[in-house]
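In structure tokens, the next block holds one chain alone, the form predicted alone.
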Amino acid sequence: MQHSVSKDRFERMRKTGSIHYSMEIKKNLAEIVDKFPDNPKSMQYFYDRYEHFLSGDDSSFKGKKVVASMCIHVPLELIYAVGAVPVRICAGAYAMDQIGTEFLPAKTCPLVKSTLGAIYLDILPGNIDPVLIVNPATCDQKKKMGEMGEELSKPLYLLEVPPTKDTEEARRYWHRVIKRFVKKLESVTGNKITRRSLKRAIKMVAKAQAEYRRFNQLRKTAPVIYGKDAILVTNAYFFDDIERWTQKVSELNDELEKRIEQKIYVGKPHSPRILLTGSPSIFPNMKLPVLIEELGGLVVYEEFCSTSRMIWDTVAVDEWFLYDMIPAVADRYLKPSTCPNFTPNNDRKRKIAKGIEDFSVDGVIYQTFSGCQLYDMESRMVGNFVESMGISTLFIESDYNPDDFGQLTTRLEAFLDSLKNKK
């Protein structure tokens, strides 16, 4: 696409986009931090990472081979095992959404437009220059965006995903896809996946997942951290050094344990406990969780592909041989997934029901981005199921535009008041 506009215009777009993106990061981060007086001290690391890394003021990946991804179905263990670093580039910036609008239909999902805008302008997390961008076929809009690879002058790779996960045929197909992906990774990095490198990668990711499960266990116990912070912690997994991220989450967990002992809680004693689901909240588009908690609610659990679904499930290995580990990794990215790309998707109802029970949820808020057909079409199924459990549900359709705060505020206030009256 770069050749479709003049070089001067492209440079102007890039300069303007960078400025607006930086301003958006700073503004939204200030709202997340400054409007809440009782943030855990250990959250400062994560606040700093967003400010410095996303704005490009960081050299963590300098000299490293980076494989970018646009979905949770990309097996991170295989990327680590080939000696590269995975960075998820799904974007939440309105500034990049506006760039993407120039090339995609107006009704396209804002996440897709924002991601394309960031790729086009080369405004990626940490100024990375990926050797490969992996684009799984879980979303029709992302899939078609992949056809723009030549125009984007970027190495996009389509990772085929079966439309169902419950048949043996789908599983065998997915295993073949992952074997091809291994060959592609080895080709672009020049490194082979070995038994030792894959075993180390699986254990490294499992250690991060263990800390994340501990984190959520603490959130079940008492309201010691806001949901907006929990989303920031998991979003940081997109781009942070995994071992450092694990250590910092461990330090945060230690602080939360002390908060539980000392009964230092966030929010108010009878704050409605909210489960967020639907289209994912990705920084800097945090307006919904922040607004919920500004208005007196508390987001206690998120059933998003940018949070709980991304990190929770671990690879189950029977034998530590390469021909056993690769299929085990493949299964981990297929079987537990509750992506609305799959039909049927009864597992999603089961996981939402468990989240409602485990986190003592009072109400569910279902977020759908304008143009996000998959989550929009599943909203009715999920809503009917949640209502059958006696739990109130609010459906919110929004995008990255900050101008709908007034309407959102009115609807959220009414919903939260109804939950307070029930309590």
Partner chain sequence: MNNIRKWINNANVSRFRFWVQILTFILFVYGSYFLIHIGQNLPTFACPYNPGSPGTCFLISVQHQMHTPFSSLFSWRGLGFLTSLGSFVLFFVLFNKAWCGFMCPLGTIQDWITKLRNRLGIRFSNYDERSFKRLSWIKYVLLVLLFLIPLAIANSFFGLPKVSHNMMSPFCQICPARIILPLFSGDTSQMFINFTNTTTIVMSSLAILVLALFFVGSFVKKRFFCFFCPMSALQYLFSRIGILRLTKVGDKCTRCGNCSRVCDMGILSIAEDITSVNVVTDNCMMCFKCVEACPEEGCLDVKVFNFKIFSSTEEGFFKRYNPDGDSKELPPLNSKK
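Quick caveat: nothing in here was measured; it's all calculated off a predicted structure. Residue numbers count along the first chain shown, from 1.
Omitted from view is the form predicted in complex with its partner chain, to which the following refers.
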Candidate from Lys268, Arg176, Lys183, Arg350 lying within 4.5 Å of its partner chain in the predicted bound form - any heavy atom: Arg350
Residue among Asp324, Asp254, Asp140, Asp122 with a heavy atom within 4.5 Å of its partner chain in the predicted bound form: Asp324
Region of this chain that lies against its partner chain in the predicted bound form, out of 129-137, 327-335, 85-93, 271-279 [heavy atom, 4.5 Å]: 327-335
4.5 Å heavy atom contact, Gln217 and its partner chain in the predicted bound form: yes
is_contact(Thr194, its partner chain) in the predicted bound form, heavy atom dist at most 4.5 Å: yes
Residue contact check: Phe103 to its partner chain in the predicted bound form, 4.5 Å heavy atom: no
Contact label in the predicted bound form: Ile264 to its partner chain, heavy atom within 4.5 Å: no
Triple contact flag Asp166, Arg200 and Trp312 to its partner chain in the predicted bound form, non-hydrogen atom at 4.5 angstroms: yes
Partner contacts for 235-257, taking its partner chain in the predicted bound form and a 4.5 Å heavy atom cut-off: Glu243
